[in-house]
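In structure tokens, the next block holds one chain alone, the form predicted on its own.
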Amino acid sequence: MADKLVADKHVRYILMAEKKKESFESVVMDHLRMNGAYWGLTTLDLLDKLGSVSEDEVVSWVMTCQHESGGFAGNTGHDPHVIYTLSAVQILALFDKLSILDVQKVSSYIAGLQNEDGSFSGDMWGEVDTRFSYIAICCLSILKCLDKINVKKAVDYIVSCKILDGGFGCTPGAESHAGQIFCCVGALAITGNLHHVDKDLLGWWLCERQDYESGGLNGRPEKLPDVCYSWWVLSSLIMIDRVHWIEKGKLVKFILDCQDMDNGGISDNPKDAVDIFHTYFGVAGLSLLEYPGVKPIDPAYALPVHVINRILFTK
């Protein structure tokens, strides 16, 4: 059992993962490399090691992934999607390089994905999901272009996805899921519409996600605890001011127990192999829990607080 965060080993794990381009893990993640870059780079920033990578190399690669439509793809030569567009914008924000973007072009791409009912499609093929509502709102807020969409309709659509247990689903009538709840609560927080959330009812549903024995959090009733929900659940509880309803110490222990103490990285639970996705969400969860040596992260924007402050408080 681990009793501390082996930050240096996690940094080395992330830096080594980028160099193993021929590995199985790298090949199967080729289409979503932009997401992987965001997870890894944000982890490095939270651990105060972003300077370990070449800023010019990363920024140059990100810009090769931009499509003529203004959106970004998961890798060079792939199709654009709003998910990868947000990750690209977040990466540029980490390096304070948003100024190289054609903001008009990127924001127009995102705004063009809003549907008549206020929902958002992920790309030209039309899949609708509240994830995409959050992504569009978060990205446009970072770019200071929220006025390019119908925010009221976007909020109304999100509210229509709220169900009886206080949670939110991917579409109206869909079951509550912690990931979707983060997306909906995050979008409502960014737009100043948290009054639509029944904070006590939702807070109760979220705090019930904590497993009594392990201290970890799950995403839905009767599911196993998973490190990534240290982010989805915890950030939502913070945004609705109910984080004191869970046992923070037990959650810290669960995250630390999911570390590979020899080679670095964090897994979904103590018995599994590590990956970049869970390494990011584990460190981000510790950040929300104010763990020593980890920079604070914004629960709505999923970027370090110092990055969001630089963006939102700069003209």
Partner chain sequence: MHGRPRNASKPEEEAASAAKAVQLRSLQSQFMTNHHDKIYTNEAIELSTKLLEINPEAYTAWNYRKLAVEDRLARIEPDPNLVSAILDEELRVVESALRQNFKSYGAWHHRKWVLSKGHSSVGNELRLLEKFQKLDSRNFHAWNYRRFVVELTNRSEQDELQYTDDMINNNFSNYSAWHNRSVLLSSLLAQNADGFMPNIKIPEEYDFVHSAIFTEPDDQSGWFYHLWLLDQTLNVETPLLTSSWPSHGSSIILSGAGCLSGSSSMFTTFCSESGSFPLILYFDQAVGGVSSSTVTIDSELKGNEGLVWEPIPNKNSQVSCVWVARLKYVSSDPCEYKVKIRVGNSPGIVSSRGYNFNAPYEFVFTAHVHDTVEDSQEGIVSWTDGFDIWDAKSKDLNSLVTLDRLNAEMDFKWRQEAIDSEVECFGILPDSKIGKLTLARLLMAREAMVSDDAVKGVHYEEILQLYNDLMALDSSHYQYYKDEHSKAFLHKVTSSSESLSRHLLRYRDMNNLVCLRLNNLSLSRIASVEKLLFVQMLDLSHNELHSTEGLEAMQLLSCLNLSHNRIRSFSALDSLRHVKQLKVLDVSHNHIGKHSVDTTRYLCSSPLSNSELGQDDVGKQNPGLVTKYWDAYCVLRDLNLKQLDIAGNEIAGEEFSSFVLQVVPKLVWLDGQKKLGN
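Positions refer to the first chain, counted from 1. None of these values were measured; they are calculated from a predicted model.
One more form of this protein exists, namely the form predicted together with the partner chain; it is left out here, but the text below deals with it.
- Mapping the unseen interface onto this chain, residue 312 counts among the residues with a heavy atom inside 4.5 Å of the partner chain in the model of the complex.
- Proximity of residue 260 to the partner chain in the model of the complex: non-hydrogen atoms within 4.5 Å are present.
- Contact between residue 273 and the partner chain in the model of the complex is found at the 4.5 Å heavy atom cutoff.
- For the chain shown alone, residue 14 is not a contact residue for the partner chain in the model of the complex, no non-hydrogen atom being within 4.5 angstroms.
- Contact with the partner chain in the model of the complex, defined as a heavy atom within 4.5 Å, holds for exactly one of 93, 111, 207, 101, namely 207.
- The putative spot formed by 61, 106 and 118 is not touched by the partner chain in the model of the complex; no residue has a non-hydrogen atom within 4.5 angstroms of it.
- In the model of the complex, the residues of 242-261 lying within 4.5 Å of the partner chain by at least one heavy atom are, in order, 242, 243, 244, 245, 246, 247, 248, 250, 258, 259, 260.
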